[in-house]
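Just one chain is shown here, as structure tokens, and it is the form predicted alone.
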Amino acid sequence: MPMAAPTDVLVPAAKLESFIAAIFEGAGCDRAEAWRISTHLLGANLAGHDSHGVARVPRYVEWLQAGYVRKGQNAEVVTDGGCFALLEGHFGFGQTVAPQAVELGIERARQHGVSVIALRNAGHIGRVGDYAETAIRAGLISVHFVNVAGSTLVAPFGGTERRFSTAPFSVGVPLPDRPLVLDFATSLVAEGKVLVASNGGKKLPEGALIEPDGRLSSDPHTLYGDYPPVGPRNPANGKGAIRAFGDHKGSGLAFMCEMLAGALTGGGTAGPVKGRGRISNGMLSFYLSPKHFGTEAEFHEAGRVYLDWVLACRPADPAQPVLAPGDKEAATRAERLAKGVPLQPDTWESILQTARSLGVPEAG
């Protein structure tokens, strides 16, 4: 699991949550929305997905002030077919409109046994696994395809130019006492991990990025160009790209995320739109109710037997047992709730600068 570096700032989870909420209230959000955003971002850090956690705060505030994301919005139903629906996010905060889409998906799946919910034009929705976990708590299987309209960051397999967004994908499976959550960007690393690395955090894997001439790189400057030690990062300033994970496999999955979450929803793909200014998420989600299939008991039994068999596999390294999707996040969450959330000094300073600019005092 991710460990705190000696130079990291450890912030108690409750203190961090209230401080981030105060920042968004200071930026003009009402209290409920400010806490939704804060709780979601903190949840990403607790799960070890620091790329989608509070490091995003300065950028979110910049987007709000620029009008790229809008406070106080609600998802609006555009098309309603009963077991399927299309929702318009009006560029509202993703932490507001995405949960509304998930709630509708859960409600319809409980009614029909299955539902398909498309969401377009949402502000950055954050860690997608959070929404899979919400469906799991409702006893539902869920599958989520996500794209980032207006954001070209990832080169397709065999290429050097940006064509895809980081295009996250997530699946949630509700097994008794052991929920399974698969959640990853189809890029080799999420853009937020490049952001964290640029702030002095965990270094990128070798070859995570690619230069225009085809040289592999692990230097955040490949994506961001020149940037100050503390301050905003703009991917538009860099000339390189992030690589897709798994060569042609990740590249192909990213392509399908753009098709399903971007083109089908009507929110748009990563490109080639020019002059968009803002980015937005699209998400196509499928929800399945094992109860309605009439196989819930068999599903739970067979799933648990198979899970136990997989986990009983002899590990290549005795110190590193085989894990199920979601195990690492659960262990990290427990550790960070107990010990505090580790933040790189530059990340913490950027958050503090944002708070000062809004007149929000640092939490004691």
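Residue positions are given as counts along the sequence shown, with the first one as 1. Nothing here was measured: the structure is a model prediction, and the numbers come from that model. For the two forms, the rigid core is made up of the largest set of C-alpha atoms that agree within 1.5 Å on superposition.
What comes next is about the form predicted together with nicotinamide-adenine-dinucleotide (NAD), which is not displayed.
Note on contacts: among Leu195, Val128, Ala244, Leu209, the single residue with a heavy atom within 4.5 Å of nicotinamide-adenine-dinucleotide (NAD) in the model of the complex is Val128. Interface residue among Leu216, Met256, Val77, Leu182 relative to nicotinamide-adenine-dinucleotide (NAD) in the model of the complex, by the heavy atom within 4.5 Å criterion: Leu182.
Stretch-level contact check against nicotinamide-adenine-dinucleotide (NAD) in the model of the complex with heavy atoms at 4.5 Å: of 67-75, 227-235, 183-191, 105-113, the positive one is 183-191.
nicotinamide-adenine-dinucleotide (NAD) in the model of the complex is not approached by Leu307, whose heavy atoms all lie more than 4.5 angstroms from it. Contact annotation: His124 falls within 4.5 Å of nicotinamide-adenine-dinucleotide (NAD) in the model of the complex, judged by heavy atom distances. In the model of the complex, none of the heavy atoms of Leu337 sits within 4.5 Å of a heavy atom of nicotinamide-adenine-dinucleotide (NAD). By the criterion of a heavy atom within 4.5 Å, His49 is counted among the residues contacting nicotinamide-adenine-dinucleotide (NAD) in the model of the complex. Relative to the superposed core, Gly268 shifts its CA atom by less than 2 Å between the shown form and the other one. In this overlay on the rigid core, Pro290 has a C-alpha that sits less than 2 Å away from its partner position between the shown form and the other one. The Cα shift for Lys193 between the shown form and the other one, taken after rigid core superposition, is 2 angstroms or larger.
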